[in-house]
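First, one chain by itself: the form predicted alone, in structure tokens.
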């Protein structure tokens, strides 16, 4: 009886894993199959039906050429790199000041950061749009960069948690040697924050790469398109070319898949260290 219970539990365990894996991989399979189908084949066959011709790369050619995805990759890479570097510098500086310097109003600043995070972003878009427009950066890459660089409370909390584990005696020793606050931040704090920085790079980078709303609203110029807005080109008022959109999605997945395969060890380490601090 005990052996039967063990076998049933083991069967249910593997069944749940198979079902969860299938649910996770199914959308990607549907998109992958659709990317090789013709327009007629896409309309007349089911989403899980295999394409008739696996060598039909016409959708990929149209997606890359007509969608101008090379320009999208370049704009995305530029915005992602500048925004991530800027966000990390701002986040580490704010965290350094809040953790190392005790002054009146520090708790109030943290509370204001938290309140700003709790307010739904969509409710502040009118005011944000007016500010971006008044700054004269609307319809430029700088609009998205400034919005992405905005110090977010999640990054600040991650940096604060790591900073609390760095002994303050290191700062005091450096000050006795004549180091300034900026030197301590640059030569002691930043190098010791590498695990936290890697975690923030992953979270921030994935968020910027996947974001559609900010580039669509603040950078409508076609020359400023990013990967997410490039996919939108094949959707119009008279219908959508889903097989081409699926091919474009596969192209957009390739860079992130390569980065994940090359850096998976660092990604897992970053998440693990970030979760236990």
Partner chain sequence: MFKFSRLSYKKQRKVIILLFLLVPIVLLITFSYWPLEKMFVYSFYKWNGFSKHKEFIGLNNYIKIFTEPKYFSVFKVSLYYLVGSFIQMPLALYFATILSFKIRGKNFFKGVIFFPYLLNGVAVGFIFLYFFKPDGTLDTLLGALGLNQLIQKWIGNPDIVNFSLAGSSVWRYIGFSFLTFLGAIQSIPSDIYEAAEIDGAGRWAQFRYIIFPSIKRIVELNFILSIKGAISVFEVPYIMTQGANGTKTFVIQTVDAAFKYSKFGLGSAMAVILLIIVVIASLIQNFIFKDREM
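C-alpha atoms forming the largest set that superposes within 1.5 Å between two forms make up the rigid core. Residue numbers count along the first chain shown, from 1. Keep in mind that this is a model prediction, so the values were computed, not measured.
One more form of this protein exists, namely the form predicted together with the partner chain; it is left out here, but the text below deals with it.
S.K.: Using a 4.5 Å heavy atom cut-off, state whether residue 150 contacts the partner chain in the predicted complex.
M.R.: Residue 150: yes, in contact with the partner chain in the predicted complex.
S.K.: With the partner left out here, check for me: in the predicted complex, does some heavy atom of residue 54 sit within 4.5 Å of the partner chain?
M.R.: Result no; residue 54 lies far from the partner chain in the predicted complex.
S.K.: Counting only non-hydrogen atoms and a 4.5 angstroms cut-off, does residue 60 reach the partner chain in the predicted complex?
M.R.: Contact with the partner chain, no.
S.K.: Answer with yes or no whether residue 222 is in contact with the partner chain in the predicted complex, where contact means some heavy atom within 4.5 Å.
M.R.: Taking the distances in the predicted complex, the answer for residue 222 is no, it never comes within 4.5 Å of the partner chain.
S.K.: Where, among 87-95, 192-200, 67-75, 161-169, do residues come within 4.5 Å of the partner chain in the predicted complex by heavy atom distance?
M.R.: Flagged stretch: 87-95.
S.K.: Go through 188, 82, 109, 154 and name the one with a heavy atom inside 4.5 Å of the partner chain in the predicted complex.
M.R.: Residue within 4.5 Å of the partner: 109.
S.K.: What residues, if any, in 46-82 have a non-hydrogen atom within 4.5 angstroms of the partner chain in the predicted complex?
M.R.: Residues within 4.5 Å: 47, 48.
S.K.: For residue 18, is the C-alpha shift between this form and the one not shown 2 Å or more after core superposition?
M.R.: After core superposition, the displacement of the residue 18 C-alpha between this form and the one not shown stays below 2 Å, so no.
S.K.: Superposing on the rigid core, is the CA of residue 220 displaced by 2 Å or more between this form and the one not shown?
M.R.: Residue 220: C-alpha displaced by less than 2 Å between this form and the one not shown.
S.K.: Aligned on the rigid core, do the two forms place the Cα of residue 191 2 Å or more apart, comparing between this form and the one not shown?
M.R.: The answer is no, as the C-alpha of residue 191 shifts between this form and the one not shown by less than 2 Å after core alignment.
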